[in-house]
Structures are given as structure tokens and as C-alpha cells.
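Starting off, we have a lone chain in the form predicted on its own, written out as C-alpha cells.
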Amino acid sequence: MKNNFDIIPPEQWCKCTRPLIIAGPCSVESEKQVLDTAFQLKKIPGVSIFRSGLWKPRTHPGTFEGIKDKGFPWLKKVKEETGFLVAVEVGHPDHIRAALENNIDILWIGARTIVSPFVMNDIANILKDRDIPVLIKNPVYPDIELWIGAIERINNAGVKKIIAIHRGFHSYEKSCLRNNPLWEIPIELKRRYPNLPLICDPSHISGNREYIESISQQALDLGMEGLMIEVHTKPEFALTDKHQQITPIKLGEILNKIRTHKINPQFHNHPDLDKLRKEIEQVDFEILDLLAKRFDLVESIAKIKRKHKLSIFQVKKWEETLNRWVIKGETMGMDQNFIKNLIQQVHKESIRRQSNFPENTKE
């Protein structure tokens, strides 16, 4: 695996400022719809790229699956009359051929498409040595290696204008959000590949226009370099994803309110920050010491269980431990889900150690 990708940053191929703002309707529905939306977006400072879908991957057949090739002339008008770069989603080599023939500026590959290495290989072959930007969303499920593999395939094909898009991950747990952000996954992607541009799609994370502003702010606070937001002049009548689309006016309000962050490497070495980081490092070491002591106790428990032929996993004791952690954590102002995830990881390691405990251990 490469330590980094061969990437040309968007500032060199797109007339944009940080943060990069990509906006437009979920789907192309009519000529009037896309042109009205584009003209209103043009009035908003900072919007650089117009996005809209021609082919829509839908769960069930018989629903609106996009206007398809019929929409190309309308997107051409958007380019000519507003000067926007235009991006469309592609999920098949035929889509790419059609987009290239119609001079689409930017392609994006959706979450459902990148889960198939076979499809990604076909797409990479069509894109080989093409000088066109490609935006790559994370897969539907939380698999960072699958995301990286998709980016590798496109980059290995000679495509250097690549942006990764974080759009959240499907979860069976009930939530007010459509997709779980799992911020640790895009953060890990950026840690491994610091030169890879990474932006956020708050529309698909939220699934509800009420949360788009807060998700956008959190993404920028975490160092993401832009936003891809679904915008429709009349969201309530949209043919797809009407609950997560916002009006151009609302987008302007959000962009005026959210805090952006300057890149200032010198400030990151500020003495006050260095002092606090050293204190955090000391606390981290103390946490590791305590965990090591806890696992020593776990191995002592394993000896007793071996001796008396007791099962390793005991549901009642585990529930008591979990509840104890949650109650204590909440009294200290910690999020319940965070506490549960933390103790589950600790418990998983405890089970592993007890399972691997040597049979011939002397008492």
C-alpha cells in the first residue's frame, strides 16, 4: 500500500477557496429546475461546483431512477450561463462514456458503487489517464480499506485529481441521522493520506435538513476541506431525497454562519497547546497503565474459571459491568454511546485474553 496518493489539489484545477463548496439538486428533474437552482447558487459566494444526478441508484425498481442522458443539454446550459464546473454521479462505464462525450467537468462515484471491486476496476479502466477530476464517496458500510482500495484503483489508473467524500455509514441502530458519521474513519483516512483532499456530504449523513448546519460545522471543525450539499429551489417537491435538500437561500445562511478554519502550522506549535498536549499525553499513559492492571486482574479471573470449569462469558456479570460504566460515565458528563463503545472494546480484549489463557497455568 502506498504511503500517499499522487494527487493534484483542487486549488490547482478548480477556481475555489477553502472550504470547497459543491452544491446542487440531488437529481436533475427538469431544465427549469436545474437552471433556476444554478442561477440562485451563483449569487452565493464560495460555491464553486454545481452537482446533480442523472442516473439514480434506487433500492426498489419502479421509483424515479433519474432523467439519464436527457439531462445533458440542461447541464450544458448551466455551464455556459453560470460558469460553474458541473459534476455528475457515475456508476457504470457507460455513464462515464456519456459524461465524457457531453463534456461533464467532474465525476463522482457513489457509496453503492465502490463496494464492488469488479465495477471499480471497470471504471478505472475507462478512466485510465483521463484528465478529469473524480470524487469518491465512502462505501455504504464502515470499511476504510474498501474506501482506500477504490481510491487506489482510480489513482493507479493515472487520475490525479481526486477528492474523497465522507457521507456517513449505514447503521441498523435507531438515530435521528440517516447515516452514522463515524468521524474516526475519515480522520484515520486523513492520517494515513494527509495529501488526499477530504470533504463532507452532510446531506446524506443527516437525511434531514434540520441537521445540515451542525454536521457541516462539525466536519469543518475536524479539518475537512469542503462540503457537498444538496440544494433544490423547492425541496418539498423534489423527486428524490426531499427531506435532506435545502433551498439556495438556506445554503447562503448556513455558509454565512459556519466557522471556517485557517491553516496556520505555526499556531499548532503554540506553547499553550504544547503544554496541554503534554498533559494529555501523561493522562494517556496513566490510562494505559490502568488498563494493563485491569487485564492482569482479568487473567487472575481466568485462572479461577479454569480451575472451576466456569464459562468465560457470563451475561449477567457483563450486563452489570456495562450498566455500571454507563451510569458512572453519565455522572461525569460522558456520552452514553461513547461509554458503551469503550467498555465493549475493553470487554472484547478481556474475552480474548481469557480465551487464550494457557491450559497448563499453575495455580
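Residue indices: 1-based, along the sequence shown. Keep in mind it's a predicted model, so treat the numbers as computed, not measured.
Just so you know, the form predicted together with a small molecule exists too; it's not on screen, but the next bit is about it.
Proximity to the small molecule in the predicted bound form, taken as heavy atoms within 4.5 Å, picks out 51 to 59 from the listed stretches 29 to 37, 299 to 307, 330 to 338, 51 to 59. For the chain shown alone, residue 84 is not a contact residue for the small molecule in the predicted bound form, no non-hydrogen atom being within 4.5 angstroms. At a distance threshold of 4.5 angstroms between non-hydrogen atoms, residue 111 is in contact with the small molecule in the predicted bound form. Residue 209 falls outside the set of residues with a heavy atom inside 4.5 Å of the small molecule in the predicted bound form. Taking non-hydrogen atoms only, residue 95 never approaches the small molecule to within 4.5 angstroms in the predicted bound form.
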